[in-house]
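Next up: a single chain in C-alpha coordinates, the form predicted alone.
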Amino acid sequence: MNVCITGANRGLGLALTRAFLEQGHQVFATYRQNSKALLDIEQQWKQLILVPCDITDEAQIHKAELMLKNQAGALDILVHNAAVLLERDSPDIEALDFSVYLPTLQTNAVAPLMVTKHLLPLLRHGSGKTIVAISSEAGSIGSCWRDRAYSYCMSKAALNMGMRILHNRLAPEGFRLRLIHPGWVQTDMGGSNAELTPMAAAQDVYERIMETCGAPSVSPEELYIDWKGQFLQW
(Lines give C-alpha, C1' and ligand atoms only; values in the text may rest on other atoms or scores of the structure.)
Protein backbone atom coordinates (compact mmCIF):
# COMPACT_ATOMS: atom_id res chain seq x y z
CA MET A 1 0.00 0.00 0.00
CA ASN A 2 1.00 3.64 -0.45
CA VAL A 3 1.35 5.30 2.93
CA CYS A 4 2.09 8.92 3.83
CA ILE A 5 3.46 9.67 7.33
CA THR A 6 3.96 13.24 8.50
CA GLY A 7 6.76 14.16 10.89
CA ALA A 8 8.79 11.09 9.94
CA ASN A 9 12.26 12.39 10.71
CA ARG A 10 12.41 11.29 14.35
CA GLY A 11 10.65 9.64 17.27
CA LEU A 12 7.42 7.75 16.65
CA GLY A 13 7.16 8.97 13.05
CA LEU A 14 10.57 7.53 12.22
CA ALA A 15 9.71 4.25 13.93
CA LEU A 16 6.37 4.04 12.11
CA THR A 17 8.17 4.64 8.82
CA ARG A 18 10.44 1.69 9.53
CA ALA A 19 7.51 -0.49 10.63
CA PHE A 20 5.60 0.12 7.39
CA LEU A 21 8.70 -0.42 5.25
CA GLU A 22 9.47 -3.71 6.98
CA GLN A 23 6.00 -4.92 6.02
CA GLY A 24 6.54 -4.09 2.34
CA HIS A 25 4.60 -0.84 2.03
CA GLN A 26 5.74 2.18 0.04
CA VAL A 27 6.15 5.11 2.40
CA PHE A 28 6.09 8.82 1.61
CA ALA A 29 7.78 10.33 4.65
CA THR A 30 7.32 14.05 5.20
CA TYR A 31 9.72 16.11 7.27
CA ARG A 32 10.32 19.75 8.13
CA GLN A 33 13.94 19.14 9.09
CA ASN A 34 15.66 16.05 7.76
CA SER A 35 17.67 13.77 10.04
CA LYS A 36 20.57 11.38 9.66
CA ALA A 37 18.34 8.57 10.94
CA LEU A 38 15.81 9.14 8.16
CA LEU A 39 18.54 9.40 5.52
CA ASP A 40 20.01 6.12 6.79
CA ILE A 41 16.66 4.40 6.35
CA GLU A 42 16.40 5.85 2.86
CA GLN A 43 19.66 4.11 1.97
CA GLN A 44 18.19 0.76 3.09
CA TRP A 45 14.74 0.90 1.49
CA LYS A 46 13.95 1.78 -2.10
CA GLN A 47 10.24 1.95 -1.15
CA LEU A 48 10.92 5.09 0.93
CA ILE A 49 10.29 8.46 -0.71
CA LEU A 50 11.31 11.53 1.31
CA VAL A 51 8.99 14.52 1.01
CA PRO A 52 10.19 17.87 2.40
CA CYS A 53 7.16 19.66 3.81
CA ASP A 54 6.37 22.06 6.64
CA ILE A 55 2.80 20.99 7.32
CA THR A 56 1.88 24.44 8.66
CA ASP A 57 2.62 25.95 5.22
CA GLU A 58 -0.19 25.25 2.76
CA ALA A 59 1.98 26.10 -0.24
CA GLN A 60 4.47 23.41 0.81
CA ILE A 61 1.63 20.93 1.33
CA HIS A 62 0.48 21.62 -2.23
CA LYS A 63 3.99 20.89 -3.52
CA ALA A 64 3.99 17.63 -1.56
CA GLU A 65 0.60 16.78 -3.07
CA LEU A 66 1.99 17.23 -6.59
CA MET A 67 5.04 15.11 -5.72
CA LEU A 68 2.87 12.25 -4.42
CA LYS A 69 0.58 12.54 -7.44
CA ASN A 70 3.52 12.22 -9.82
CA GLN A 71 5.18 9.41 -7.85
CA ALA A 72 2.15 7.26 -7.01
CA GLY A 73 -1.11 8.69 -8.31
CA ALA A 74 -3.00 7.29 -5.33
CA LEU A 75 -2.65 7.03 -1.56
CA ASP A 76 -4.08 4.31 0.68
CA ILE A 77 -3.20 5.41 4.22
CA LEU A 78 -2.48 8.87 5.64
CA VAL A 79 -0.92 9.07 9.10
CA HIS A 80 -0.96 12.46 10.80
CA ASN A 81 1.97 12.08 13.19
CA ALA A 82 3.73 15.47 13.19
CA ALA A 83 3.20 17.42 16.42
CA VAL A 84 4.94 19.87 18.73
CA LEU A 85 5.19 20.42 22.48
CA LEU A 86 6.27 24.04 22.87
CA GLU A 87 5.06 24.67 26.42
CA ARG A 88 7.90 23.02 28.35
CA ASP A 89 7.98 22.30 32.09
CA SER A 90 4.18 22.62 32.36
CA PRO A 91 4.00 26.13 33.87
CA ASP A 92 1.13 26.99 36.21
CA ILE A 93 -1.57 29.45 35.15
CA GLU A 94 0.32 32.51 36.46
CA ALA A 95 3.39 31.72 34.33
CA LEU A 96 1.83 30.84 30.99
CA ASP A 97 3.54 32.09 27.83
CA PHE A 98 0.75 32.50 25.28
CA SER A 99 3.16 33.04 22.40
CA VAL A 100 3.35 29.23 21.98
CA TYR A 101 -0.40 28.66 21.83
CA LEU A 102 -1.19 29.55 18.22
CA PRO A 103 1.86 27.67 16.83
CA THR A 104 0.86 24.62 18.89
CA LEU A 105 -2.72 24.67 17.65
CA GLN A 106 -1.58 25.32 14.08
CA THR A 107 0.72 22.27 14.01
CA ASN A 108 -1.24 19.83 16.14
CA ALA A 109 -4.83 20.57 15.13
CA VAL A 110 -5.08 22.76 12.01
CA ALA A 111 -2.26 21.28 9.92
CA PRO A 112 -3.76 17.75 9.80
CA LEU A 113 -6.89 19.23 8.20
CA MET A 114 -4.80 21.16 5.68
CA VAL A 115 -2.84 18.02 4.76
CA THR A 116 -6.07 16.02 4.47
CA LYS A 117 -7.61 18.68 2.23
CA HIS A 118 -4.74 18.45 -0.25
CA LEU A 119 -4.24 14.68 -0.17
CA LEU A 120 -7.92 13.74 -0.21
CA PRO A 121 -8.06 13.35 -4.03
CA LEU A 122 -5.19 10.85 -3.84
CA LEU A 123 -6.89 9.00 -0.97
CA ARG A 124 -10.10 8.80 -2.97
CA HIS A 125 -8.15 7.08 -5.75
CA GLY A 126 -6.59 4.59 -3.32
CA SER A 127 -8.03 1.33 -2.07
CA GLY A 128 -7.22 1.84 1.64
CA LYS A 129 -9.20 5.02 2.30
CA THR A 130 -7.72 5.24 5.79
CA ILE A 131 -6.84 8.40 7.74
CA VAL A 132 -5.20 8.07 11.14
CA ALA A 133 -4.12 10.82 13.53
CA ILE A 134 -1.71 10.24 16.38
CA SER A 135 -3.61 11.83 19.23
CA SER A 136 -3.11 11.51 22.99
CA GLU A 137 -5.01 10.74 26.13
CA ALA A 138 -4.14 14.38 26.92
CA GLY A 139 -6.89 15.36 24.48
CA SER A 140 -9.61 13.62 26.46
CA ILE A 141 -11.97 15.99 28.27
CA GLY A 142 -13.89 13.21 30.00
CA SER A 143 -10.83 11.70 31.68
CA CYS A 144 -8.74 14.86 32.13
CA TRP A 145 -6.66 14.76 35.31
CA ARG A 146 -4.08 17.51 34.66
CA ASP A 147 -4.04 20.98 36.26
CA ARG A 148 -1.60 22.41 33.70
CA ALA A 149 -0.10 21.60 30.22
CA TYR A 150 -2.90 23.66 28.70
CA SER A 151 -1.63 24.23 25.15
CA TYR A 152 -0.79 20.63 24.29
CA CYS A 153 -3.99 19.23 25.81
CA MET A 154 -6.11 21.86 24.10
CA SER A 155 -4.47 21.16 20.75
CA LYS A 156 -5.10 17.42 20.99
CA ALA A 157 -8.73 17.98 22.02
CA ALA A 158 -9.09 20.22 18.95
CA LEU A 159 -7.47 17.54 16.78
CA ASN A 160 -9.98 15.01 18.12
CA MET A 161 -12.90 17.27 17.21
CA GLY A 162 -11.51 17.92 13.74
CA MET A 163 -11.15 14.21 13.04
CA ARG A 164 -14.62 13.51 14.44
CA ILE A 165 -16.13 16.00 12.02
CA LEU A 166 -14.01 14.59 9.21
CA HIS A 167 -15.35 11.13 10.06
CA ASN A 168 -18.92 12.44 9.68
CA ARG A 169 -18.02 13.82 6.26
CA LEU A 170 -15.98 10.93 4.84
CA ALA A 171 -17.42 7.76 6.39
CA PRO A 172 -20.31 7.76 3.87
CA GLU A 173 -17.65 7.49 1.12
CA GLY A 174 -16.19 4.37 2.72
CA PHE A 175 -13.35 6.07 4.58
CA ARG A 176 -12.11 4.72 7.90
CA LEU A 177 -10.67 7.16 10.42
CA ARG A 178 -8.94 6.64 13.76
CA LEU A 179 -7.41 8.68 16.56
CA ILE A 180 -4.69 6.67 18.30
CA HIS A 181 -2.98 7.46 21.60
CA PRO A 182 0.43 5.76 21.23
CA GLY A 183 1.21 5.55 24.93
CA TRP A 184 4.00 7.30 26.81
CA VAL A 185 6.88 7.03 24.33
CA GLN A 186 10.60 7.70 24.75
CA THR A 187 10.87 10.62 22.33
CA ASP A 188 11.95 14.26 22.58
CA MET A 189 8.35 14.98 23.55
CA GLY A 190 7.81 12.05 25.91
CA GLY A 191 11.20 12.15 27.61
CA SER A 192 13.68 9.44 28.53
CA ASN A 193 11.61 8.19 31.48
CA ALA A 194 8.70 7.15 29.27
CA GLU A 195 7.46 3.56 29.34
CA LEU A 196 7.68 2.60 25.65
CA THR A 197 10.49 2.70 23.11
CA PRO A 198 9.54 4.27 19.78
CA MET A 199 9.75 0.91 17.98
CA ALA A 200 7.62 -0.87 20.59
CA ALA A 201 4.96 1.82 20.34
CA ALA A 202 5.21 1.86 16.55
CA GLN A 203 4.58 -1.87 16.28
CA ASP A 204 1.35 -1.57 18.28
CA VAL A 205 0.26 1.56 16.42
CA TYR A 206 1.02 -0.15 13.09
CA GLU A 207 -1.27 -3.04 14.08
CA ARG A 208 -4.06 -0.63 15.03
CA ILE A 209 -3.68 1.21 11.71
CA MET A 210 -3.83 -2.00 9.68
CA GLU A 211 -6.86 -3.18 11.69
CA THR A 212 -8.52 0.13 10.85
CA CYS A 213 -7.63 -0.22 7.17
CA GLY A 214 -9.09 -3.72 7.08
CA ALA A 215 -12.30 -2.90 8.94
CA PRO A 216 -15.57 -2.67 6.98
CA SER A 217 -16.25 0.60 8.82
CA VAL A 218 -15.42 2.46 12.03
CA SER A 219 -18.25 3.75 14.21
CA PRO A 220 -18.00 7.08 16.07
CA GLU A 221 -17.66 5.16 19.33
CA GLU A 222 -14.62 3.33 17.95
CA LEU A 223 -12.73 6.36 16.67
CA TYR A 224 -10.62 7.25 19.73
CA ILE A 225 -8.42 4.41 21.00
CA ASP A 226 -5.04 3.73 22.59
CA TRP A 227 -2.16 1.68 21.21
CA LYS A 228 -3.71 -1.54 22.55
CA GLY A 229 -7.10 -0.86 20.96
CA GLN A 230 -8.87 0.23 24.16
CA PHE A 231 -11.52 2.91 23.70
CA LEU A 232 -10.83 6.34 25.23
CA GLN A 233 -13.30 8.91 26.55
CA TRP A 234 -13.87 11.98 24.42
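Not measured: the values here are computed from a predicted model. Start at 1 with the first residue shown and count on from there.
Beyond what is shown, the protein has a form predicted together with a small molecule; the following relates to that form.
Considering the small molecule in the predicted complex, the lone stretch of 71-79, 151-159, 93-101, 116-124 in range is 151-159 [heavy atom distance within 4.5 Å]. When the small molecule is considered in the predicted complex, only one residue from 202, 53, 177, 209 comes within 4.5 Å through any heavy atom, namely 53. When the small molecule is considered in the predicted complex, only one residue from 40, 188, 58, 173 comes within 4.5 Å through any heavy atom, namely 188.
Contact annotation: residue 130 falls outside 4.5 Å of the small molecule in the predicted complex, judged by heavy atom distances. Taking the partner from elsewhere, residue 25 is found to have every heavy atom lying beyond 4.5 Å of the small molecule in the predicted complex.
When contacts are judged by a 4.5 Å heavy atom cut-off, residue 167 does not count as touching the small molecule in the predicted complex.
The small molecule is not drawn, but in the predicted complex it has a heavy atom within 4.5 Å of residue 84.
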